[in-house]
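Coming up are structure 1 and structure 2: the same protein chain in two forms, each one given alone as structure tokens.
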Structure 1
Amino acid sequence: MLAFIIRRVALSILVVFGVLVITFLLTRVVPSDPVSQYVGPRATPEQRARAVEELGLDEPIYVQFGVYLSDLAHGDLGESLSSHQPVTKQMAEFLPPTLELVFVAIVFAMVIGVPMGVFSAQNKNRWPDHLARVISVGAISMPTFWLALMLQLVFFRWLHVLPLGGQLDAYYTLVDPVPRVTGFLFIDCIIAGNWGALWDYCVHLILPAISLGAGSLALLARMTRSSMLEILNEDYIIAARSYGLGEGVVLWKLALKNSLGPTATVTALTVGWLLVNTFLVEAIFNWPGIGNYIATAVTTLDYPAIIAVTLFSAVAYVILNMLADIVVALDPRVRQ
């Protein structure tokens, strides 16, 4: 297992470095005017020349990349061209809301999607299976933005039971604000002992989490069903049933345990995808996360921010995929 993990870590480092090189080169090749964005379109020639020197644009590209790697080794992701703020600081501000949203969305998808896949496999080609198929295909086919808007229409406009967007109501934003300690609002509410704000935050999480997790729910349900159907035809499952073991034990302890490998891999890749593809949900629900941040960075060609978010995405994908590989490798046959 140790050798297996070492190989995965080495390959992961190569992947992240390759992504960093490609992204850095692309940001330099794409036609843009970072100097004007940095000092403004009405800057004097002297100001522009000083900006070129500050940004290191007067150096060869390999020198620029070497400087970036040196800064990266010290935790410096550069300075935003538009806001003139350190990208590290901005990432620390925008990342926690997205992490909380993605966590709730993937928990929602797993809690509903995995049991749905199990029951679908148990009732193959019967009405529960057909119903689960309809729900899965419908959930994965609906555009995320359309689902988000429909949820707002139903639960906010018609039923008046859930908020339209944001993280907190105006009362907790203006009158009784939650002190920022960790950046994770859920944890900060607990630290502050503000239980009203905690409940309000959980209520605000419901609609964006459902919108973001619906597609993942469908994917996990179909993957679990496919894996379960294969496992349920194995000899040891037939033998377990012939020995009189209950159907619950066969399904949830034997079959599901041995079918979680593909599901774990899909879950890991889904979480990585969600981390940097939340901008539609965040825009619709006014959620101050990394999705809005990267959308703004792309439209303004703020390449330090683009490189930082791309690097974060690559690291997240690699770590999550490696964890999924380790889970799968618990089966000794995989490590051969």
Structure 2
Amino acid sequence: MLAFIIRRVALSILVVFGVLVITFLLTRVVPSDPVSQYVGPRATPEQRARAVEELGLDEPIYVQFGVYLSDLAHGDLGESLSSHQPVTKQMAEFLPPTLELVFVAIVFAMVIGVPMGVFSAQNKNRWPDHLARVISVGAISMPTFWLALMLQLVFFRWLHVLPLGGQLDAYYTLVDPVPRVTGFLFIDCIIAGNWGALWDYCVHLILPAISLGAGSLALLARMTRSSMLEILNEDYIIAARSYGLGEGVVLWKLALKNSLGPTATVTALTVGWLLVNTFLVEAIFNWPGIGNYIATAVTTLDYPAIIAVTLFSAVAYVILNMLADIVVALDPRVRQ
């Protein structure tokens, strides 16, 4: 077991190193002219010469890579080209709203997706099953950004029940603001005891969380359905049924518990996927998170910002995958 964990961690370290190499190559090798990218196309020759020196482009490539690594180790990811603030500082500012959104989306996907899968397995090949499968294959096939816009159209424009975007109503941002303590608005509202703002925040979370979580919901439902179907054929389920245990106990206590292994893996994988999809969703809902930050950075070609977010998401993805693998390996049935 320990050997497995060590091997898995070593692989992850190797992969993170590879990620660093790729991002380095992206910044230094892919652009034909990194200097103009840094100083702009209308720079004087002196400015260009200074940029070459500042960027260390006159050094051999392995020295440049070493400098890149040591900067990273010191938490220095450079300055944003558009706001001229350190990228790490901006990341810290934009991260909490994204984490909250991703968390709520995951919870939404699990709370709906897992029961949907169980229900689907229970009614195998009857209409509830067909309906659930149609929903899940539809949700996987829909572009996330289009789903977000459709939800805005229906719930904001047509039904007038939910806000178009943002985190809070103008009333709570201007008249009765919530002081920023942790950056997590959920916690900040509670600290401030501002229950109106908390409610308003929850209302603003609904549409972004649904658009973000829909794909994961579908994956979870599919995964739960197929692992439930496998387990429902096991001897111990037949035994439990012949003891006369109620169908509810059999399904929700015995079968579901044992089908959650693959579900855990999918959930971990899906977090990485959600982080990337925030790029598409946050801009649409004007959510002040990492995704919105990178969507702007992409249009203004703010390279340091893009690299920072790429690094962060990739490393988060690697770590989550590693944790999921280790958790699954803790299961004695897998270990053999």
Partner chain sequence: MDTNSRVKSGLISRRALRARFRETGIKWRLLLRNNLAKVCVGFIVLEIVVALFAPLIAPYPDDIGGAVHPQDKLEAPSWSHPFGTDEFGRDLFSRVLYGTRISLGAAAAAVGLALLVGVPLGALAGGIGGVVDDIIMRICDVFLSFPSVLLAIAIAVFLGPSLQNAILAIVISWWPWYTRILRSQAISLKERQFVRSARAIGSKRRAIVFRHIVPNSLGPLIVQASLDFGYVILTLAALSFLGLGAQSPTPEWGLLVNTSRNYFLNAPWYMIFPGLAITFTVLAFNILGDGVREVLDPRSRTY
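Bear in mind that the values here come from a model prediction, so they are computed numbers and not experimental data. Structure 1 provides the reference sequence; residues are numbered from 1 along it. Rigid core here is just the name for the largest C-alpha set that superposes within 1.5 Å across the two forms.
Asks: These are two forms of one chain. I'd like to know which is the form predicted on its own.
Replies: Structure 1 is the one predicted on its own.
Asks: Ile294: after superposing the rigid core, is there a C-alpha shift of 2 Å or more between the two structures?
Replies: The answer is yes, as the C-alpha of Ile294 shifts between the two structures by 2 Å or more after core alignment.
Asks: Taking the rigid core as the frame, does Asp71 move its C-alpha by 2 Å or more between the two structures?
Replies: For Asp71, whose C-alpha is compared between the two structures after core superposition, the shift is 2 Å or more.
Asks: After a core superposition, would you say Ile284 shifts its C-alpha by at least 2 Å between the two structures?
Replies: No.
Asks: By how many angstrom does Ala305 shift at its CA between the two structures when the core is held fixed?
Replies: On core superposition, this C-alpha lies 3.9 Å from its counterpart.
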